[in-house]
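As structure tokens, one chain now follows by itself in the form predicted on its own.
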């Protein structure tokens, strides 16, 4: 008869994180994507401008293109009066010029006509029977954008490694680029395991629960810059797990939820050791003691606890940093100080991740139990309790790591 086998050697929490990050190498794969789809992606090459922006001298205000010297001495009580030669719209080179004593109506962004060297804003003018009265003098270059005043041809506009946000997208659009070369997203396979879980949309069997972990893990991985595929629920058999690990070889990362503990049907560690490598199995961590990490060829394999709160908490602290590293994304982690609203008991001998809801500088416990997903959905972050701490008293200052 098979029996449960307890963990004997637990790796430290910090050592586990270091071991994972040593193997989470940034991906070298690249691809070209349409500019519309480039938001949040990471540039794989610097972008240099092929053109001047703007490529011509243009008006920076609605008003009148003038020769600056014709406006000198203008004032409200003694305006300069200029003859109007025409209108200049945006998008077309003007077919007129401005000579001595004349001006041209011009729209913001329109090319400046020959002869003009300044623009007088419309607010400083008045129309007087076909002539324009100017109430304020303009100096040469006033309200005029010179060619390449924004970008000169050959300038480096975006650097390799830039995580593209809306202003970066706008800069690329200004250069006429309809696609960009970016690093490929890490590919992540999610394998739910266990005879006790049912697929969403199916009748819930007696004694079973719905598959929560596949969807929390997939959502977190997408938010971390990955492409994700959720596979069918895998039964607790060695052959089923072997099949999953063979499928995982085509992915950068594979996540298993359940099947990594010490129950007699938890076989992932044994199967992985046969066809790949187990780097560690068991962390001095609560929740997450049975967490497993290894690889099959170039695929990183994580065996996460089956209980939803444990699974997602461990994915935040162990898997998310690895996937972001592979995606070339920065390790952005919002951390704020708060004080505990209640006393928290801890577990001697294990580093603890404890979910809280932090608001207005006060952190309130949100943890119920590892099986309760509301331990996460009612929280907005977690605190870390060192392994040899018995309790944290009410009023203790803590660092809150936000989801």
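Take the two forms, superpose them, and find the largest set of C-alpha atoms that agree within 1.5 Å; that set is the rigid core. Computed from a prediction, not measured in an experiment: that's the story for all the values here. Numbering follows the first chain given and starts at 1.
Another form, the form predicted in complex with another copy of the chain, is not on view; read the next lines as being about it.
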> another copy of the chain in the model of the complex: within 4.5 Å of a heavy atom of each of 17, 243 and 251?
Replying inline: no
> Hey, in the model of the complex, does residue 75 get a heavy atom within 4.5 angstroms of another copy of the chain?
Replying inline: no
>> residue 365 versus another copy of the chain, in the model of the complex: is there a non-hydrogen atom within 4.5 Å?
In response: no
> So in the model of the complex, does any heavy atom of residue 372 sit within 4.5 Å of another copy of the chain?
Replying inline: yes
> Taking 4.5 angstroms as the cut-off for heavy atoms, does residue 280 touch another copy of the chain in the model of the complex?
Replying inline: no
>> Can you tell me which of 311 to 319, 67 to 75, 324 to 332, 270 to 278 lies within 4.5 Å of another copy of the chain in the model of the complex, counting heavy atoms only?
In response: 311 to 319
> Can you pick the one in 239, 232, 127, 160 that has a heavy atom within 4.5 Å of another copy of the chain in the model of the complex?
Replying inline: 127
>> Can you pick out, from 187, 102, 295, 145, the residue that has a heavy atom within 4.5 Å of another copy of the chain in the model of the complex?
In response: 145
> If we check another copy of the chain in the model of the complex, which of the residues in 209 to 224 reach within 4.5 angstroms of it by a non-hydrogen atom?
Replying inline: 209, 210, 211, 212, 215, 216, 218, 219, 220, 222, 223
>> Given a core-based superposition, decide whether the C-alpha of residue 150 shifts by 2 Å or more between this form and the one not shown.
In response: no
>> Using a rigid core superposition, assess whether residue 125 undergoes a CA shift of 2 Å or more between this form and the one not shown.
In response: yes
